[in-house]
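One chain follows as structure tokens, the form predicted on its own.
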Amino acid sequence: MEAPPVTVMPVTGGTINMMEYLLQGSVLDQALESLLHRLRGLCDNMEPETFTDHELVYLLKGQQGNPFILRARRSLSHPTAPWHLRYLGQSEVGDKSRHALVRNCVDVAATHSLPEFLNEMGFRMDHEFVSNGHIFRKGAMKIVVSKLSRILVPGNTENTEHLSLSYLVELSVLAPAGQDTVSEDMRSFAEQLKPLVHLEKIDPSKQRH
């Protein structure tokens, strides 16, 4: 089975064929308010956007190699909004000069029949979860602070339990390939969040259940 979600970027628009630069960390529940207070002072929006999303991770297994993974996400806060289909490419973590993890990202809006379409294409749903939290923005950077919850009864997003006693913190930028200078801006911003949270370049291939 695939590792837990390597990112929980909320449904906030479709950007096609871009590179995602990403740093991740976590804070304990009791430190959340201190982190939100710091982010309000540093970011462009003093009051963050809030979201509650339901994400389903689909696998298509081939004859050999790793399965092909797609992520379908819908907003529980705005049920009439389009679904989003997301593909995340192989992470580029070997370049020591980059301060952030880099991977190809394809994100497109889709109709509400997306799960049925994926099933007809041969994909199977591997796992699903609910994420809810806050979105801050600083220029091109997006900072997402979210709580992840497992779904206890398949398809029932009302019946969940928290995965941990902490919040996932993600700092990301979507940019065309080759814009590696954004990782330096991200590193500088991440330094301002210490010691509340330490954002790092985490290799998702090393994440396990």
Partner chain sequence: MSGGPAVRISIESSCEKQVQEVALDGTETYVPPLSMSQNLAKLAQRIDFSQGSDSEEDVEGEPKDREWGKQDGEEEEGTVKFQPSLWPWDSVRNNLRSALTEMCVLYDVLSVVKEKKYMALDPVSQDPAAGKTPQVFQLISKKKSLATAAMILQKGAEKLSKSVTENQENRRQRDFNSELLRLRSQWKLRKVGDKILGDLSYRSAGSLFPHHGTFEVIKNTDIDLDKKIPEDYCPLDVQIPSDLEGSAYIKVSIQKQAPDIGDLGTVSLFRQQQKNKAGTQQWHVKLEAAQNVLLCKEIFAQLSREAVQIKSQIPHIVVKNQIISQPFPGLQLSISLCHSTGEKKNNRASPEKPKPDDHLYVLEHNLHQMMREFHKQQLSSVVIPHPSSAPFAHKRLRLAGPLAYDKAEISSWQQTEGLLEKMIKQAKHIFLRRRSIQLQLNIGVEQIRVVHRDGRVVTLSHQEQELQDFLLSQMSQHQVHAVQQLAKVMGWHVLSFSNHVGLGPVESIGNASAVTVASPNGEYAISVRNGPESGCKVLVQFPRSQIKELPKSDVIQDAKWSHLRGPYKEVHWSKMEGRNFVYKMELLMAALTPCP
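Being a predicted model, the structure only gives us computed values, none of them experimental. Positions refer to the first chain, counted from 1.
Just so it is clear, the following notes concern the form predicted together with the partner chain, a form of the same protein that is not shown.
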The partner chain is absent from this chain, but in the predicted complex, do L42, A109 and Q192 each have a non-hydrogen atom within 4.5 Å of it? yes
Interface segment, criterion being heavy atoms within 4.5 Å of the partner chain in the predicted complex, picked from 47 to 55, 27 to 35, 60 to 68, 158 to 166: 47 to 55
Among the candidate residues M141, I151, L148, A175, which is the single one with a non-hydrogen atom no more than 4.5 Å from the partner chain in the predicted complex? M141
Just to be sure I understand the contacts: of H127, R98, R74, R103, which is the one whose heavy atoms reach within 4.5 angstroms of the partner chain in the predicted complex? R74
Applying a 4.5 Å heavy atom distance criterion, does I135 contact the partner chain in the predicted complex? yes
Contact of P115 with the partner chain in the predicted complex (heavy atom, 4.5 Å): no
Heavy atoms within 4.5 Å of the partner chain in the predicted complex: does M121 have any? no
Does any residue in 69 to 91 get within 4.5 Å of the partner chain in the predicted complex, counting heavy atoms only, and if so which ones? R73, R74, S75, S77, H78, A81, P82, H84, R86
